[in-house]
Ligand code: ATP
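A single chain comes next, written as structure tokens; it is the form predicted on its own.
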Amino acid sequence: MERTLIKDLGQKVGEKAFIQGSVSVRRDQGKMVFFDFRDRSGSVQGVVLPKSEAIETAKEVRSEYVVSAEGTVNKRPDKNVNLDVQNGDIELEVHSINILSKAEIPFELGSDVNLDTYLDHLPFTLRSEKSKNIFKIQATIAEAFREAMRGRDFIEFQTPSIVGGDAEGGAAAFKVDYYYDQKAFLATSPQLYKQMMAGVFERVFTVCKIFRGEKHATTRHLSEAVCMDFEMTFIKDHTDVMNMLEHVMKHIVAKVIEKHGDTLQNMGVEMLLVPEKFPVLKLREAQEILGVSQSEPDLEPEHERALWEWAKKEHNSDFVFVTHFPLSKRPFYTYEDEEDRGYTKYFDLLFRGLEINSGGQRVHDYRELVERIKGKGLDPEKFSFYLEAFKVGMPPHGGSSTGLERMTARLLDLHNVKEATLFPRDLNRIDSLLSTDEK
């Protein structure tokens, strides 16, 4: 018999059906055994009656066993109907059941365990309903980003993960062994490559992995992360980039609500606040609102959270742009505001109290870029490949980079970005916790 997905069982009432999947719950009531079966499409209750040929096998089955089952799809009695759950008006009367794979589980799936325990058992805990929902929503975020970009005439390209140096000139890069003992590094950013590609196609985007060896052990930092980046040419200034990013964010939020509205509600996620225009503050204005020193070059995490409270109260917004960071603390390619010397046409986008995006206008003049590289104490010769794009002519351009895991975490109100990362890499973990003992 051909397999039927569980979500389609409601169309086969009174008929026989064959399903395959896992056992979420087993309830042995002596003469009868009840199961909650699940597959990729959903779940359904099954029952093995006392005189069924399947009763002996059913008593062997435990939670997380992988099985196939054949039976008749029946309407539930009216008193047992539960319209709040999928297939709450039917059940599968199981005639035969076959064990495809047995399971030895460390704890009940979906148990409330601490984060380290959850991460130590990811091959198992990722199967929980909460985890599956997190990463279904994350897939929609990435899909909606691509959709928004293509809708505005952007072309996707793939960036290299192995590079000749650190693009930012500051972030700690992971060294890798390369051919003939040459120095190479894992990419800390697609920045230089997307600028080069903007000179080719005018509008480009990429969804890529980046790697940073900074020694952070916080709820917001990862050693390996996914960036959703775009770069666009022939801009007037950084506000064109901000307007494009605002369009992208609105599209992502709308798609997530459209596809996962019920899930968000079931997870207790607060309604997303998306105003017609995102509020914009210069860094100094934000610092004045917060009552902190304007001599600081950036915002602390507690400042970002306080600005979210301000944005909610004053603008009914979960988003707020902060612009004009000091030039001295930004990468060499960052454009200086001609009317506000010493400050940049650069921005961060804060979402629910966390920086999820940085971007701005870039320097496009070859000679100025060379001087800026020198001013950061870097050697222009090491950037000759990148600089050729400017030597042969580059339009005014800018772009931005959004952290996929950070956006997912804040959208779903997750405490730690690792919860929004399938297999987190950080200071202390590669799949399992690293031992600090010398071997």
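A residue's number is simply how far along the shown sequence it sits, counting from 1. As the structure is a computational prediction, the values presented were derived from the model and not from experiment.
Just so it is clear, the following notes concern the form predicted together with adenosine-5'-triphosphate, a form of the same protein that is not shown.
Heavy atoms within 4.5 Å of adenosine-5'-triphosphate in the predicted complex: which stretch in 218-226, 249-257, 82-90, 317-325 meets that?
Checking each option against the 4.5 Å cut-off leaves 218-226.
Among I97, V241, I356, M149, which has any heavy atom within 4.5 Å of adenosine-5'-triphosphate in the predicted complex?
After the contact test, the surviving option is I356.
Counting any non-hydrogen atom inside 4.5 Å, which residue from R203, R212, H303, R352 sits next to adenosine-5'-triphosphate in the predicted complex?
Selected option: R212.
Looking in the predicted complex, any heavy atom of R406 within 4.5 Å of adenosine-5'-triphosphate?
It does: once adenosine-5'-triphosphate is placed as it appears in the predicted complex, R406 has a heavy atom within 4.5 Å of it.
In the predicted complex, does S401 come within 4.5 Å of adenosine-5'-triphosphate, counting heavy atoms only?
Within the cut-off, so yes.
Judged by heavy atom distances of 4.5 Å or less, which residues of 277-304 approach adenosine-5'-triphosphate in the predicted complex?
Stretch hits: zero.
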